[in-house]
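Provided below as C-alpha cells are two forms of one protein chain, presented individually as structure 1 and structure 2.
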Structure 1
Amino acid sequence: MKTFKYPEVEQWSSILMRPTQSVSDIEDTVEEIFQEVKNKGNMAVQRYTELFDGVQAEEFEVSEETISAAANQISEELKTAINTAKSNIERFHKSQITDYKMVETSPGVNCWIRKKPIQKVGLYIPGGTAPLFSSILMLAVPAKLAGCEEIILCSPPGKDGTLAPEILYTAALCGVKKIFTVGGIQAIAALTFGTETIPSVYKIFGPGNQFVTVAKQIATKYGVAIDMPAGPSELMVVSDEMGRADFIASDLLSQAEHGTDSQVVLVTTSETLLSEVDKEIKKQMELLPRKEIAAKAIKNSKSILVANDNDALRIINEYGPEHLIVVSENESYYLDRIMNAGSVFVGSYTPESAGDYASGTNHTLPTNGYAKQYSGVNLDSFLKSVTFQKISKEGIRNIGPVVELMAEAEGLQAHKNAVSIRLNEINK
C-alpha cells in the first residue's frame, strides 16, 4: 500500500483516485456489443460468450432438472449457512415494508401514495473467478418481498460452461426459476433488449466488473433502469490507536481479494497502527489462495496518516466509500457526521464480510464515489411509488380558484378551463 503522512488537503483528490477506467474508455466497446445483441439476439450472445468466457453455448437457459440436482452437490452445512443468511436478510428487509397514509391537504382534497412492485427485474450475479451466490440472496430476497412478477437471473459460465451448484441452489431457494448462463456486457445487453430466449426487463440489479458497470449505464440510454453504478469493490477503514492491526489487515485483504481493480484505504490517526497494519497485510496475504489478485489490488491501495478525527471524517466524505469500517474511541463523532458511505460497519467485531453474507444488510452498494448520490439496494429499490388523489365537490371549490389563477399566470388556458368547467357545474 502506498503511504501518505499528513497530506495537504489539496492532495486528497489525487490520493483518493480509483484505479478504474472511465465510461468513455469502455463505452465504444459496450455500444458495439449492445447493437449486435439488439440486432442478432442469441447469435450475438453466443459469439461473445465464446470470445470472453471461452465457452461454446448452444442454450443459455438452465433446465429445471439441473437446478433441482444442484441441491445434491453441496454440503448440508453450507445449505444451513445459506438458509441462516437468507433468514437474516429477509428479516431486515421485511422491516422496510411501510403502510400508505392518506393526507387531507385541504378540506375535500385527499392524497396518498402506494408502492407498487417493478414487474420485470434482471439480477446479474458475478461468476468467473468467484461465483457470488451471496448476491442472489441480496437481490432475490427483496425482489420477492416487493412482489416482482418476473425475476430473470444471469450469471457467467465457469470454464466447464455451467453455473456453480451454489448459485443454482440459492436461486431455487429464493424462488428464482428463470436462470441463464450468460455474463458480461452481453448479459446486460440481453436483459436490455431481450433475445429469442432471454426476456427483457424494466430494471437491472447487481454488481460486476468495470465492463458490466458501464454496460448497465449504457442500458439506461435504452429505457432500462439500474440499481446504481456498482463496479469494483472497495473498502475504507478509519481507526485510531484502539484498532487491532491484525483485524484491520484481514478486513482490507477481504476486499482486495475480490479483484485486481479493487481498492482498499486505511485512514488512521496513529502512526504506530499504520506501520503494524502494513506488516500484518504482508504476513496474512502469503496465506491467501487468491494472494496474486490481492497483491495487485493492494498496489492500488492507500494508507493515509491524518492529524485528527476531523481530517479523517473529511476524507471519508470526500471518498464516499462503498464499505466503511469505523473503529474509534470517538465512534459517535463519526456516526453522527458521516454523509457519504454505502454501508458502515461499527467497532472491532463488525467485519465487512459479515455484511457481505449474513448480518442482514444488503451488500449491493454504490462504488467509485457514487455513495455521494446513491443508496445501496434495499426493499424500495424494487418498488415504485405511485401517488393517488381524490377531490370532492367541496375540495374543488377550495383549491379550484388557486389552480385557475396559477394556470392563467402560466398562460395555460386549457388547464384553467378544466377547473372552471367543474366549478361552473357545481355553482349551477
Structure 2
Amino acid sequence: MKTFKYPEVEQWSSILMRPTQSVSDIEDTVEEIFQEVKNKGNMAVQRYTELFDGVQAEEFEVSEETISAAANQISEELKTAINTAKSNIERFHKSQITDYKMVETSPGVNCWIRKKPIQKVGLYIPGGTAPLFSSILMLAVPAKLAGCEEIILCSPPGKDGTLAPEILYTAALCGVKKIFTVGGIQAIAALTFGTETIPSVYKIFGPGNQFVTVAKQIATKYGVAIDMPAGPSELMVVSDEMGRADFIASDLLSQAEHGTDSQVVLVTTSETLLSEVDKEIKKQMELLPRKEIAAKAIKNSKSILVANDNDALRIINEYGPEHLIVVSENESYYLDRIMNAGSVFVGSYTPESAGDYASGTNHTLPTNGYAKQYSGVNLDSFLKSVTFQKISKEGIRNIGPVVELMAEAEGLQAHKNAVSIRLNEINK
C-alpha cells in the first residue's frame, strides 16, 4: 500500500483520486450494438452472444425443467445458507415499507402519497469466473416485496452455454420466472428495446463490467431508468488503536480480491496500526487463491495516517466510499457525522463480507464517489411515489385566490381560469 503520513489538506484530493475510466471509446460500440438489437432483435443478440461469449445459442430463455433441476445440483448446506441470507435480506427490506398519511395542508385540501411498484424490471447478473448468485438476492427480494409484476433476469452464459445452478436456484427461490442466458451490452439492449422473446423493461438493475456500465448509461437515453451508475468496488477502513490489524487486513483483502481495479483505503490515527496492517496484509495475501488480483489492487491502495478523528471524518466525506468500516473508540462521533458513504460497518465483528451476503443490507451500492448523491439499492428503488390530492369546495375557497394571484404573476391566465370558474360556481 502507498503510505501517506499526515498529508496536508491540499493533498487529500489527489491522494483520494480514483483512476479515471475512459468510456467515450466504448460508447460507439455500445450504440452500434443497441441499434442492431433494436432493428434485428434476437438475431442480433445471437450474433453478439457468439462473438463475445463464444457460445452459439438458439434460444435464450431457460426452460422450467432446467430451472427446477438446478436445486439438485447444489449442496443442502449451501441451499440452507442462501435461504437464511434471503430471510435476513427480506426482513431488512420489509422494514423499509413506508406508510404515508394524508396531510390536510389547508382546511379542505388533502394531499397524500402512494408508492406503486415499477411494473417491469430487468435484473442483470454478471457471469465471469464465479456465479454471483448473491446479487440475485439483493435485487429480486426487494423487487418482489415492492410488487413488481414482471421481473426479467439476464446473465451471460458460461463456456458451456448454460447458467450456473446457483444462479437458477436462487432466482427460482426469489420467484423469478423469466431467466435469459444473455449477457453484456446485448442483454442491456434487449431489456431496453425488447426482442421477439426478451421483454423490454422500465428499469434495469445490477452490476457489471465497464461494457455493461456504459450500456446502462446509454439505455437511459432510450427511456429506461437504471439503478445507478457504477464503477470498481471500494472499501475504506477508518480505525484507531482499537482496531485489530489482522481483522482489518482481512477486510482490505476481501475488497482487493474483487479485481485489480478495486479501491482500498485505510485511514487511521494510529501509526502502530498502520504498520501492523501492512504486515498482516502481506502474511494473509500469500494464502489467497486470487492472490495475484489482490496483490495488484493492494499495490494501488493507500493507507493514510491522520492527526485526529476530525481529519479522518473529512476524508470519509470527501471520498464518499462505497463501503466504510469504522472501528473506533469514538464510534458515535463518526456515526453522527458521516454524510457520504454507501454502507457503513461498525465495530470489530462487522466485516464487509457480512453485508455482501447475509446480514440483510443491500450490497448494490454507489461506487466512484456516487455516495454523495445516490442511495444504494433499497425497497424504494423498485417503487415510485405518486402524489394525490382532493380538494373540497371549502378547500378551493381557501387556496383558490392564492393560485389565481400566482398564476397571473406567471402570465398563465388559463391556470387562473381553472380556479376562477370553480370559485364563481361556489359563490353563485
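Remember, predicted model here, so these are calculated numbers, not experimental data. By rigid core we mean the largest C-alpha set that fits within 1.5 Å across both forms. Start at 1 and count along the sequence of structure 1; that gives the residue numbers used here.
One chain, two forms displayed separately, with the form predicted on its own being the first of them, structure 1. Relative to the superposed rigid core, the position of the CA of Tyr370 differs between structures 1 and 2 by less than 2 Å.
Core-superposed comparison between structures 1 and 2: the CA of Tyr48 exceeds or equals a 2 Å shift. Superposition of the core reveals a Cα shift of 2 Å or more for Phe34 between structures 1 and 2.
Core-superposed comparison between structures 1 and 2: Glu58 shows a Cα shift of 2.7 Å.
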